[in-house]
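First comes one chain, alone, set out as structure tokens in the form predicted alone.
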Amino acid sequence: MELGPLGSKVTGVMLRLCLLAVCVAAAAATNTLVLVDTLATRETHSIFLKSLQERGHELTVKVADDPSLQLSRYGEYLYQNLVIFAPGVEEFGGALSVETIVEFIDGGGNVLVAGSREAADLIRELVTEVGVEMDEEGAAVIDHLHYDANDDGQHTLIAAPSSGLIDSEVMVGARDAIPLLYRGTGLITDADNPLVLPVLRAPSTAYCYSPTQAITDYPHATGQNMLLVAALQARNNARVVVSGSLEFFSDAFIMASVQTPQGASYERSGNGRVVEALSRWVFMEEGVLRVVSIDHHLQDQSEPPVAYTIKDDVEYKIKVERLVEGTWKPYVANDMQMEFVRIDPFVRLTMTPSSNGLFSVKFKVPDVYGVYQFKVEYNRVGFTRLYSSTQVSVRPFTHLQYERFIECAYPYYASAFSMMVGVFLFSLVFLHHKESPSKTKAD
């Protein structure tokens, strides 16, 4: 059946709309590369991978030594996220290396790395680049008080208390009393590094050592100084999560029941909840803030001036949004501050929030002219670093703006006028006073 001119136009429009929808869907998808030791990992970790797909991730699962591996092409990254579930890989395939992964993080990419007690040197070198050190090869986390009843007798199947989780609902979800199953090696970090976050600390009774060897030296990692899961949020807001246990993300641990030596039993471990929350955080689905708009002006005006004058009354506003379930919503907090900076802060005030995400503050410009900045720097655990800087000029008073008479100068005014009056009186006396002539001897 032949289509008329109108039918051809309608068909063309529908094809364009379909093509546009496909392009938009492709642009909205998040490309994630998953590297595994063997493709069997897709079956043992299917719950975790399926949750990523349900949240809109386009997964590409490859063996870690695949010769076709590459993260970028023609200067553009092919993936936004990288998952490394290959603790045994000796060398990455293709164009992938520790250096390219570090460059990927520097370019804003997010990485999730899972190791094990037998992790290869390549994985250890990679996590060292992000401020995390794995314990010696063969060393496992051991705890003789916090282990699961299904342990094989070496007490390496740890039932980690949820109290060891970081106090951030954005990163690990709402905290409950259900322990988490963990079997792997311990992690060591520098406590003075502000970028590394302790996601899950080991119990105070745990230590890391080879379970098949007698303890002759003091263990490197002990107690709560040892981490089971660590995270890094770089200065460019790229995120990295390092786990010492690949099984932490497995279906077996997510679906397993937990029974502690103290007699407490739980139908399901806390791994599923924490794994999903942590994956949302590391892949920038949670804890993301952005600045929508900035406004500053005099309190009795609505437009910003060319320059402010000292002692002006100024109002500053900034609108902030937070990413929640894929949509941007107003962010509300009572601890966001604004600084008015000229080399050092002259003003630092806490802004007043509103329900629509608008923060505002009113203040008086300091009595010092120069070039200033409205600066907002908001750093909170679990959220991306929010930074905003707006430069303005502050000038002194013009001659017409100064006060005509200053109260503290009244004595000087009086002395000046008294001198004028004195000179005037002296002039009158001097000009109009005439002495009588003195008489001579002849007179």
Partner chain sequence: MRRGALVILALLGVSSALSPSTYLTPGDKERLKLVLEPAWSLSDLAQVLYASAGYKHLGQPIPNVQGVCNFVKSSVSDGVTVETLFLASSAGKALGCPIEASASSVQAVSEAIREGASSQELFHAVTAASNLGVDLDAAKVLRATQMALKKDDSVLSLGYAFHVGAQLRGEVGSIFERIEDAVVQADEVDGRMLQFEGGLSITALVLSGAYKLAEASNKAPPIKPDQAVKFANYLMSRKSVQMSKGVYYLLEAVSMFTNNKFHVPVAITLASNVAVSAEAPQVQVRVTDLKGNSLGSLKVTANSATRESDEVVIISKEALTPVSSAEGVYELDVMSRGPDRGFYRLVVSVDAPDARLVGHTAAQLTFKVLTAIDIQGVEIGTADSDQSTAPNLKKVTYPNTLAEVLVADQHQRVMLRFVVRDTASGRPTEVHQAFVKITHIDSKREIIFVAETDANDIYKFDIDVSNSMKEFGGVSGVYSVELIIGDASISNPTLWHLADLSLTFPEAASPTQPQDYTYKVRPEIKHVFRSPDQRPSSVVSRTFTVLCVLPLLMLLIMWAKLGVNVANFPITLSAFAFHVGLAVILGLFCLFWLHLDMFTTLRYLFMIGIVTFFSGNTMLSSIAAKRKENA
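Between two forms, the rigid core is defined as the largest C-alpha subset superposing within 1.5 Å. This structure is a prediction, so every number in the text was calculated from the model and none was measured. Positions refer to the first chain, counted from 1.
This protein has a second form, the form predicted in complex with its partner chain, left out of what is shown; the following refers to that one.
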Inset, instruction - Heavy atoms, 4.5 Å, its partner chain in the model of the complex: which of 341-349, 115-123, 73-81, 239-247 makes the cut? Say which one. - result: 341-349
Legend entry - Single option in Thr260, Gln224, Ser293, Gln373 placed near its partner chain in the model of the complex, where near means a heavy atom within 4.5 Å: Gln224
Inset, instruction - May I ask you to check whether Tyr207 falls inside a 4.5 Å heavy atom distance of its partner chain in the model of the complex? - result: yes
Legend entry - Contact flag, Ser393 vs its partner chain in the model of the complex, heavy atom cut 4.5 Å: no
Inset, instruction - With heavy atoms only and a cut-off of 4.5 Å, decide whether Pro366 touches its partner chain in the model of the complex. - result: yes
Inset, instruction - Verify the contact flag for Ile47: yes if a non-hydrogen atom of it lies within 4.5 Å of a non-hydrogen atom of its partner chain in the model of the complex, no if not. - result: yes
Inset, instruction - At a 4.5 angstroms cut-off on non-hydrogen atoms, which residues of 408-422 are near its partner chain in the model of the complex? List them in order. - result: Cys408, Tyr410, Pro411, Tyr413, Ala414, Ser415, Phe417, Ser418, Met420, Val421, Gly422
Legend entry - After fitting the core, Tyr413 CA displacement of 2 Å or more between this form and the one not shown: yes
